[in-house]
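Here we start with a single chain on its own, the form predicted on its own, put down as structure tokens.
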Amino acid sequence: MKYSQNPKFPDGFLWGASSAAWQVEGGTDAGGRTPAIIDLNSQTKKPYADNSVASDHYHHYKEDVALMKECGFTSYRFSLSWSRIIPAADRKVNPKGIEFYNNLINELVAAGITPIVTLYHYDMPVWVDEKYGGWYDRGIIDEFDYYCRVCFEHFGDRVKYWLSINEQNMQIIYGDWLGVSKGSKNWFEEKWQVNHIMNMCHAKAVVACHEMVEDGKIGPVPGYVPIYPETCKPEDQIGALNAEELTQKIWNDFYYYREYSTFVQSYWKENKIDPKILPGDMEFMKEAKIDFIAVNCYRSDVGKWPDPTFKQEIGLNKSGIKGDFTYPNFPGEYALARNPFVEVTDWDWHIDPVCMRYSLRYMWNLYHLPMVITEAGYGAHEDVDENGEIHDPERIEYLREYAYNVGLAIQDGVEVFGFNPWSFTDLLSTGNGMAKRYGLVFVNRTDDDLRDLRRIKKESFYWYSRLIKSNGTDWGKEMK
């Protein structure tokens, strides 16, 4: 489609990209880092790349930051590795871990790039998991608080934007996939107990940030997938609402209101679920007032009322081949289905640029808090061509249309202060290794061959650089 409007991005808008420590750093046995549970979990996925190397950002951070500066970045969202900072149960802070992140942060600041730092992105240290049974034991609340305070103490003089827990909702919804559930047969009830403990950890991070970081701001990072009703059938509207509540709104409401919604309380009562809320918990939660919301939004989904006769659908990928994504059907709650009006990636994810505008409008209307995009991206199979180049027009189109819809949301009156898509360099995908490439910069390795780990700028790198340096006015060409 042609640009019918020319949205204006505000002065000082933060343009950049995102990553996570365990997916990009490598160096898992370097500088005193000890194993994290996600190290082990990633090795259960096929194909997978050995994340002891990943993209080797640990040894290439100066080169990577130089490329960010060349691209024109004014922000970079990344996470800290808990087990690199506190590698053992004795709580001794690892000076080499602190040194690495000090060096990275200093490099970013010197390049004029604002660091946006995630405290927790799936990588609980194995020693924490062994001591507390993962998120199941309330002892982790004080442990997490201690870790957060160490981070604020060492980095808070330069880092002013903080994120608490990445995609807490997805860790609960996909607890088996991410190893949070530990394969429990009682996960249906236990997930709400785990979720409450995670909420307490989030609250600890918010309170500590406001106590320790001068001018510090902190927010949650929901994985947001807007749900459209499949039809105008009234029951489908309720099914879509149920899907929205049970996959994301429960979490977002809690972060903002700092109390559990009447919907989830009724859900617990109806299903005889005890979330194990202790005296004093809710009073403490009230102190954890967030400053903004970081939004991870790649796609949308379609919701409907579940039908006992409904056969679960297998998604069709971008090539029209049956994929491995099975749409869920939960009796009495909701079902999800394929949206025939949008294309999908090779991993069966809906490509829906309008969902970005919709999501920002929806959340602004509910919470009226500033937002920053911390993930959105296009995963694809890629390799260098015979000329040693990577042409990725599909990624350019994806980022162009998603960023344009951010601009339209801003024009609609939504306060958005940054766009940081996933990811800057290629990195280890949560479930698809290096085969699923998201980066603006190609990392020369595969799942099976480390090659030379050389950084090669993709065509999207040059396109995004022009967009950034024009502050969102040079779109390159008309949208299709």
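None of these values were measured; they are calculated from a predicted model. Numbering starts at 1 and follows the sequence shown.
Below, we refer to the form predicted in complex with 6-O-phosphono-beta-D-glucopyranose (BG6), which is not included among the displayed structures.
Which is the contacting stretch out of 146 to 154, 363 to 371, 121 to 129, 240 to 248, given heavy atoms within 4.5 Å of 6-O-phosphono-beta-D-glucopyranose (BG6) in the predicted bound form? This holds for exactly one stretch, 121 to 129.
Indicate whether 6-O-phosphono-beta-D-glucopyranose (BG6) has at least one heavy atom within 4.5 Å of a heavy atom of Y267 in the predicted bound form. Y267: no contact with 6-O-phosphono-beta-D-glucopyranose (BG6) in the predicted bound form.
W349 near 6-O-phosphono-beta-D-glucopyranose (BG6) in the predicted bound form, any heavy atom under 4.5 Å? W349: contacts 6-O-phosphono-beta-D-glucopyranose (BG6) in the predicted bound form.
Given that 6-O-phosphono-beta-D-glucopyranose (BG6) is not shown alongside this chain, does R455 nevertheless sit within 4.5 Å of it in the predicted bound form, heavy atom to heavy atom? It does not: once 6-O-phosphono-beta-D-glucopyranose (BG6) is placed as it appears in the predicted bound form, R455 has no heavy atom within 4.5 Å of it.
4.5 Å heavy atom contact, E167 to 6-O-phosphono-beta-D-glucopyranose (BG6) in the predicted bound form: Residue-level check for E167: yes, a contact with 6-O-phosphono-beta-D-glucopyranose (BG6).
Full three-residue contact with 6-O-phosphono-beta-D-glucopyranose (BG6) in the predicted bound form, heavy atom 4.5 Å, for Q23, Y298 and S429: The answer is yes; Q23, Y298 and S429 each reach 6-O-phosphono-beta-D-glucopyranose (BG6).
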